[in-house]
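The data below hold one chain only, encoded as structure tokens and taken in the form predicted alone.
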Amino acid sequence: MKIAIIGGTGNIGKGLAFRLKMAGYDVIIGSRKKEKALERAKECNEIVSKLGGEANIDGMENEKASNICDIAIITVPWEHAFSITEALKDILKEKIVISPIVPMKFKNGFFIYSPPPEGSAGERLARILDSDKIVVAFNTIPASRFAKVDERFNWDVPVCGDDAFAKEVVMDIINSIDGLRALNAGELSNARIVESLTPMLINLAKLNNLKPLGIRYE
């Protein structure tokens, strides 16, 4: 199964790339610029090699990565995620698309959730792609910690979407990553609840002088 990380040159893209590769998936890092994708792929391949895995993560432009993948993860910063998805909609509309996107703004020293008119980023992607295969996941993962090779964690990942098969596939992917547990969070309309957890976690960490927080339900 080929997984493309669209806009995968940031921390969440890096963490997903080498962790998914170690879990046995074919991984492609996409970027607007091929050079940036190749640079990040090289870095992730060095990590995978040190961990004893097969270092063959590829890097390429977003459009090519979208064409050849089975599943796409949109890790573009939220301000640009919708326009990039719009540009790729003819390619992605039939594929499972994972959205860790969280629209939020910084106001009075704290982050606040700032959803689009559809109610959530996940629902906006579903409208853009005219697809029920949008699955919201990875939103509550603290990207800076996730990108660290030696970071150990025990986090839950709420997953929501309207297509049962797509959601099951994504939950299997999440559960293949050491330290993550997928939890079924219901239909896609619940994305507005899942996404809004992220600014709360960031604010909690700031107010209480904690390192970036994930979540775990007992």
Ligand SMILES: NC(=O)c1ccc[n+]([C@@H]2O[C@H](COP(=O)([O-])OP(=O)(O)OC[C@H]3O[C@@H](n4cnc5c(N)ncnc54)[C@H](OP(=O)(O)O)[C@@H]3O)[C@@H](O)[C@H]2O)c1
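Note that this is a predicted model, so its numbers are computed, not measured. In this text, residue numbers run from 1 along the sequence as written.
As for the form predicted in complex with this ligand, it is not shown, yet the points below apply to it.
Only one of V102, L129, A72, A147 comes within 4.5 Å of this ligand in the predicted bound form through a heavy atom, and that residue is V102. Within this chain, V136 is remote from the site of this ligand in the predicted bound form, having no heavy atom within 4.5 Å. Under a 4.5 angstroms non-hydrogen atom cutoff, this ligand in the predicted bound form lacks L20 among its neighbouring residues.
The closest non-hydrogen atom of F111 lies beyond 4.5 Å of this ligand in the predicted bound form. This ligand is not drawn, but in the predicted bound form it has a heavy atom within 4.5 Å of N11.
Using a 4.5 Å cut-off to this ligand in the predicted bound form, not one of P158, R181 and L183 places a heavy atom inside that distance. Note on the interface: of 46-54, 63-71, 25-33, 173-181, the segment with non-hydrogen atoms within 4.5 angstroms of this ligand in the predicted bound form is 25-33. Heavy atoms closer than or equal to 4.5 Å to this ligand in the predicted bound form belong, across 138-158, to the residues F138, N139, I141, P142, A143, ordered by sequence position.
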